[in-house]
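First, one chain by itself in structure tokens, the form predicted alone.
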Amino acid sequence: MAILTMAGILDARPRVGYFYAGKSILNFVAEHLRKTKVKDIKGLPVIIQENTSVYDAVVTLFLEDVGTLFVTNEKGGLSGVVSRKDLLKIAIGNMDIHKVPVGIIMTRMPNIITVSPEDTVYEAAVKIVEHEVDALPVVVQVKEDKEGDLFYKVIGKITKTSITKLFVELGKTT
């Protein structure tokens, strides 16, 4: 009863007792997804440099057990994203993957979909579904002192798996 009351499905009043508040479990889940911020469930990003070879990127992908690598430039700003599919395409071609840098095959800004730490998990999930990607970089906008250029610094990642873990946690509490 306490869990159902905390979830808002039941309400309690003195001398009346418990009664149905009109809220379903689905409403509870939807409300939780709209309240939970990306910063609360983000994971650690795996970051490589633009000049990293495709071979080294493949090795990093397997060693870190991830599906997406985030690529930064010499200033530390997000410049690209490399997925398993990108690496597989180049690896089965006739190119020498020891010599080709990931900067050539990566998806570049501004074609990268990002989220901020203050976005909701729901907003992140919508972006993942709409753009058919496995992971999104969690970024903050940084202004460089010298030239005054703005760039995105990667501070985390949100993936299909991190969102699924949130659903599993919600399932345990309801």
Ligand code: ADP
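One-based numbering along the sequence shown. Nothing here was measured: the structure is a model prediction, and the numbers come from that model.
Unshown form predicted together with adenosine-5'-diphosphate (ADP); subsequent notes refer to it.
Enquirer: Counting only non-hydrogen atoms and a 4.5 Å threshold, tell me whether Ser116, Val142 and Lys157 all contact adenosine-5'-diphosphate (ADP) in the model of the complex.
Expert: Not a single residue of the candidate spot has a heavy atom within 4.5 Å of adenosine-5'-diphosphate (ADP) in the model of the complex.
Enquirer: If the cut-off is 4.5 angstroms on heavy atoms, which of these, Glu31, Asp134, Glu50, Glu123, is the one near adenosine-5'-diphosphate (ADP) in the model of the complex?
Expert: Going through each option in turn, the one that passes is Asp134.
Enquirer: Given that the partner is absent here, does Val81 sit within 4.5 Å of adenosine-5'-diphosphate (ADP) in the model of the complex, heavy atoms only?
Expert: Although adenosine-5'-diphosphate (ADP) is absent here, Val81 would touch it in the model of the complex, with heavy atoms inside 4.5 Å.
Enquirer: My question is simply whether Lys99 lines the interface with adenosine-5'-diphosphate (ADP) in the model of the complex - judged by any non-hydrogen atom within 4.5 Å.
Expert: No, no contact at 4.5 Å.
Enquirer: Considering only heavy atoms, tell me if Lys75 and adenosine-5'-diphosphate (ADP) come within 4.5 Å of each other in the model of the complex.
Expert: Because no heavy atom of Lys75 falls inside 4.5 Å of adenosine-5'-diphosphate (ADP) in the model of the complex, the answer is no.
Enquirer: Can Val66 be called a contact residue for adenosine-5'-diphosphate (ADP) in the model of the complex at 4.5 Å between heavy atoms?
Expert: No, Val66 sits far enough from adenosine-5'-diphosphate (ADP) in the model of the complex that none of its heavy atoms falls within 4.5 Å.
Enquirer: Give, in sequence order, every residue of 102-117 that has a heavy atom within 4.5 Å of adenosine-5'-diphosphate (ADP) in the model of the complex, or say none if there are no such residues.
Expert: The stretch 102-117, when checked against adenosine-5'-diphosphate (ADP) in the model of the complex, contributes Thr107, Asn111, Ile112, Ile113 at the 4.5 Å heavy-atom cut-off.
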